[in-house]
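This document starts with one chain, in the form predicted on its own, laid out as structure tokens.
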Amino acid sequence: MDRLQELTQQWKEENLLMPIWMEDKRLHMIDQRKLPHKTEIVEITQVDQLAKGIKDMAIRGSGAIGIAGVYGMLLALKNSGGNKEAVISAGEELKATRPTAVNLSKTVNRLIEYAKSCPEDSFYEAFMEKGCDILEEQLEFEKRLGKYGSEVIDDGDSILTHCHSGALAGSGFGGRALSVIRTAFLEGKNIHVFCCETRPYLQGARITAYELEKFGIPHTLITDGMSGYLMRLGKINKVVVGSDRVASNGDLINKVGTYMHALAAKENGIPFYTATSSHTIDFMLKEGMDIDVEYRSEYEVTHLNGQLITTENTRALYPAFDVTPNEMISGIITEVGVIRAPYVTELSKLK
């Protein structure tokens, strides 16, 4: 049994909610589009199948697609018998699938650079070891991030979260935001979670609520537009969201709708936190509004489960992400601690 098989067995025994894993020469991936009503596991034997799964959001979440990049390159390694060019080509193909999510490109670039510097005669074994190192590292990040983040959660808190930043969006423990929430819950804190349904893809309704139920954490589903009023009523007193990218000045790029919740939180004096890994901080991006936001198909807005929900001639717009300015963020929760303003100075220490 090689190291990757040993790790997979270990993670299964830990009851991690893994979004993707490898057995033999096949990747096994939960199709997140089918949740919560059906847990469909897709078998993947070729890198282009995985690339399509990432593009089509069968697997999504910054952490999950980051480790999917690792698994895709390991699949190319196995399929090619250790051909370096095939592995590098696979990395380039996977990077192009979701350009806004920096964790994917950073993780894949890290492996590409390692592949280029690795001697040919030991490439297969060395690259496999490096991939396993990164997979273990990503899971450990989640657990450490959860520990640091739980320190900002008080007993009795009602916490709002948006979209899905959980186990299936990460390595299986709790991803980003749900690592914070899950750790606080495991520590015995009496908490309640309000999860937004997250139009148009309904990740909050379909996946966040599903995970919260799996973990036994009390929760209530709300529509995206309800958060401000519930804050005003005093029913929400913390906001914890994930992140797809953090600019070097602390601006947050996350699922569209996040900015709206941040505005409501600021108006009502409620702490707003983002949970991320240091890998998601883009030091090449000076400010969040400098980013080229991914626009997805209008079909995803005009249709629900394949059913047209508006008139045939109505056009739609779907920027997949928005930008929350750093002054609205109380803290950036990472695997090395909670980073607070001034963000340009404090984040630079993570380089």
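Just count from 1 along the sequence shown to find any residue number. Fair warning: this is a prediction, and the values are worked out from it, not measured in the lab.
Heads up, the form predicted in complex with a small molecule isn't pictured, but that's what we're talking about next.
- Screening Ala169, Val240, Ile236, Ala265 for any heavy atom within 4.5 Å of the small molecule in the model of the complex leaves a single hit, Ala169.
- Figure note: of the listed segments 249-257, 130-138, 75-83, 182-190, the one touching the small molecule in the model of the complex, with heavy atoms no more than 4.5 Å away, is 249-257.
- Although the partner is absent here, Leu94 is not a contact residue: none of its heavy atoms lies within 4.5 angstroms of the small molecule in the model of the complex.
- Not displayed here, the small molecule is approached by Ser62 to within 4.5 Å at the level of heavy atoms in the model of the complex.
- In the model of the complex, the small molecule sits within 4.5 Å of a heavy atom of His162.
- The small molecule is not shown here, but in the model of the complex it comes within 4.5 Å of a heavy atom of Met57.
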